[in-house]
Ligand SMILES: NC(=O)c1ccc[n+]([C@@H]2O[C@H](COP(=O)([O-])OP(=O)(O)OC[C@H]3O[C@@H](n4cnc5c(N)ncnc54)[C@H](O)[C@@H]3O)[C@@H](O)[C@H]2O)c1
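We begin with a single chain expressed as structure tokens, specifically the form predicted alone.
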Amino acid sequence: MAQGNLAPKDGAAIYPSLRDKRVIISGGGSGIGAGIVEGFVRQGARVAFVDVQSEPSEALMQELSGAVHAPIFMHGDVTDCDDYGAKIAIFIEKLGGCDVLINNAANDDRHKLAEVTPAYWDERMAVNLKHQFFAAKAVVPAMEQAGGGSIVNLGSISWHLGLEDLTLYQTAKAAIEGLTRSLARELGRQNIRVNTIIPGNVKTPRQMKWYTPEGEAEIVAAQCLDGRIQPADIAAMAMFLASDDARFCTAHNYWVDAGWR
């Protein structure tokens, strides 16, 4: 397994099937994405990730530099599908293929209905939905060559709750669940599994911008379980769905929300 302090943390699951797997992750530089990058690296996977934020991404690279396979980072904006597709091709070449795609990148900026323009609509769909489809399309040939693979899309609990000031984000996130079902049907005979993770409110620096201590307390009160969900909790589900242990899990949603309703 991964060596030293970059082995899976005490008590965490170890998936032998993830060792040396080729994993591509979008939005891997901070928050949930950074937790997913770290989780796969600690499993001994070969990880490549893209992010628009270079500084936290470089810091994460340094933190994980002692791993069996140090992660690869490239700066990139997923809303430019041509450029992102080119970066995926580079990742596939560097990794020697692709077994796992984690479609994580997203942006949940708040907005009022009256403020939405056609251009803003297109930009929100690009950052929250469009890249997931084209990234999946880009990795399919490599996964077919490998004999199969796992695509994990990140959805959101927000549209299930109908939260305020997130209409476009929630529209995109709702569509991801339909995209997952469709891709799972299209790709299943190639042994490519496709699933959605639906996180609850995850405690990240970005989310802390939106919530006061009182707001956090309201979230916890609405959950069935006490405590705040961490990026590592989402990573744990992503690693399970990418592993051979989940070989018959496809076309479905997997909630990590502490029972928030």
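No experiment lies behind these values; they were computed from the predicted model shown. Counting begins at 1, following the sequence as shown.
Just so it is clear, the following notes concern the form predicted together with this ligand, a form of the same protein that is not shown.
4.5 Å heavy atom contact with this ligand in the predicted bound form for all of 39, 97 and 191: No: no residue has a heavy atom within 4.5 Å of the partner.
Stretch in contact in the predicted bound form with this ligand, which is absent here, among 113-121, 140-148, 179-187, 75-83 (heavy atoms within 4.5 Å): Correct option: 75-83.
Listed residue that, although this ligand is not shown, lies within 4.5 Å of it in the predicted bound form (heavy atoms), from 232, 64, 68, 202: Among 232, 64, 68, 202, a heavy atom within 4.5 Å of this ligand in the predicted bound form occurs only for 202.
Contact flag, residue 29 vs this ligand in the predicted bound form, heavy atom cut 4.5 Å: Close contact exists here: in the predicted bound form, residue 29 approaches this ligand to within 4.5 Å, heavy atoms only.
Contact of residue 105 with this ligand in the predicted bound form (heavy atom, 4.5 Å): Within the cut-off, so yes.
Non-hydrogen atom contact residue 52 with this ligand in the predicted bound form at 4.5 angstroms: Close contact exists here: in the predicted bound form, residue 52 approaches this ligand to within 4.5 Å, heavy atoms only.
Distance check, residue 87 to this ligand in the predicted bound form, heavy atom within 4.5 Å: Because no heavy atom of residue 87 falls inside 4.5 Å of this ligand in the predicted bound form, the answer is no.
Contact set, 170-195 vs this ligand in the predicted bound form - heavy atom within 4.5 angstroms: Read in sequence order, the lone residue that approaches this ligand (within 4.5 Å, in the predicted bound form) is 173.
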